[in-house]
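A single chain, nothing else alongside it, follows as structure tokens in the form predicted alone.
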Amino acid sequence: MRGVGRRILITGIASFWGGRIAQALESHPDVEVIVGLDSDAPVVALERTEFVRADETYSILARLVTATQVDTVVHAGMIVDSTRGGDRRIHELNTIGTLNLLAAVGAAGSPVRSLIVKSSTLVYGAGPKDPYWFSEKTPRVAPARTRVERSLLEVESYLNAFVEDNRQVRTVTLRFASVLGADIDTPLGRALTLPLAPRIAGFDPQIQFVAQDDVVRALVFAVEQENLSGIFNVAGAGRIPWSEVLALAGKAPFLLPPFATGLALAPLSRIGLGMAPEIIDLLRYGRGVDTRKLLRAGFSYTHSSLSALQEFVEGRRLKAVVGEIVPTYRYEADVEAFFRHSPAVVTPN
């Protein structure tokens, strides 16, 4: 990483990604300050990241950016799974939270020079007329049907306008494919832990995965590469038919009807195992994204789609043997105490 004394703020520090990014950046000796912002406390061990509690719209961000003089913001807390929040929460966290973030980053006198945003390939949708591969410039074919997809498209439209008006801020948007990892609960990972994995009758979509470690590595890469800017797809090489995914995971299919699929899944929803509508579309039509742009920028993956799946299957097998390890970390922080006493706060001369 170039430069000395980087000062970094991470939104969504209580999320899996926010905590893991902070852990990775703590190992960089030239990162001077890391501040994590969220409405909930972090659930992973952090040695020198300072936690600030805020509401889900990040209304405190402008004050925090000014007080800490951060030069880099990593926006890691957006919801990309409809089952993780209702329409109101998705709107507040994704849309309003991002608007408040952009207002703070683009304010007159703002110290921020780099903005990294974790987005999703959900912005492309999944439909019968889609291209085999979406590049970063390929438009979505069909209108968004779900609240989470609409919110992500709204966020990216705001980002596009922000980039036009704030050329002084290096902005990177990373669109991640479906994530698999033994340590994280994701929609397709959840589907592959059920006794019978869902499959829509008459469809065998091609699925692309990205390993959880490559997600963190890509975000850290975007922080490190100070000449990097723009929009980038992030996914492991290759696509796998869903039938082959189930076979490799050792799962028998739970066949769903091609029509009224959501209704057929209603019993699972009642026991907390529901499937988001955007994932139903994915299991019907699949999706593939072209990742050459990030590769040309110098990023290297540790996993293909296939090896990400294989590592996930092996990780789940080991957890079934040794059991889950539940985090016991507890963080307490008071906002005003942070502003009064934190060494991250820069006192005006």
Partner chain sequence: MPQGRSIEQTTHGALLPLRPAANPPEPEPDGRVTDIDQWGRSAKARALIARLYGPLYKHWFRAEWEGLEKIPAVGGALLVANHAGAIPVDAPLIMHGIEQELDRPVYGLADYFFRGFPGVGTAWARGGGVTAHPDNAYRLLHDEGQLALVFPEGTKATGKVYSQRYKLRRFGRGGFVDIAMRAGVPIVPIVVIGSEEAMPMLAKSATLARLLGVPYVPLTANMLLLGPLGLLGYFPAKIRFRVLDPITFDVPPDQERYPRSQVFDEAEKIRQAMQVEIYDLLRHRRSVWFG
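Here the structure is a predicted model, which means the values were calculated and not measured. Positions refer to the first chain, counted from 1.
From this point on, the text means the form predicted together with the partner chain, which you will not see here.
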Just one of 189-197, 89-97, 142-150, 216-224 has residues with a heavy atom within 4.5 Å of the partner chain in the predicted complex, so point it out. 216-224
Would you say all of 7, 30 and 39 touch the partner chain in the predicted complex, counting a heavy atom within 4.5 Å as a touch? no
Is residue 59 close to the partner chain in the predicted complex, meaning a heavy atom pair under 4.5 Å apart or at it? no
Any of the heavy atoms of residue 133 lying within 4.5 Å of the partner chain in the predicted complex? yes
Interface membership of residue 55, the partner chain in the predicted complex, 4.5 Å heavy atom rule: no
Residue 253: heavy atom within 4.5 Å of the partner chain in the predicted complex? no
Find the only residue in 161, 201, 260, 266 having a heavy atom within 4.5 Å of the partner chain in the predicted complex. 201
Just one of 83, 138, 229, 166 has a heavy atom within 4.5 Å of the partner chain in the predicted complex. Which one? 138
So which bits of 283-311 sit within 4.5 Å of the partner chain in the predicted complex, heavy atoms only? 285, 290, 292, 295, 300, 301, 302, 303, 304, 306, 307, 310, 311
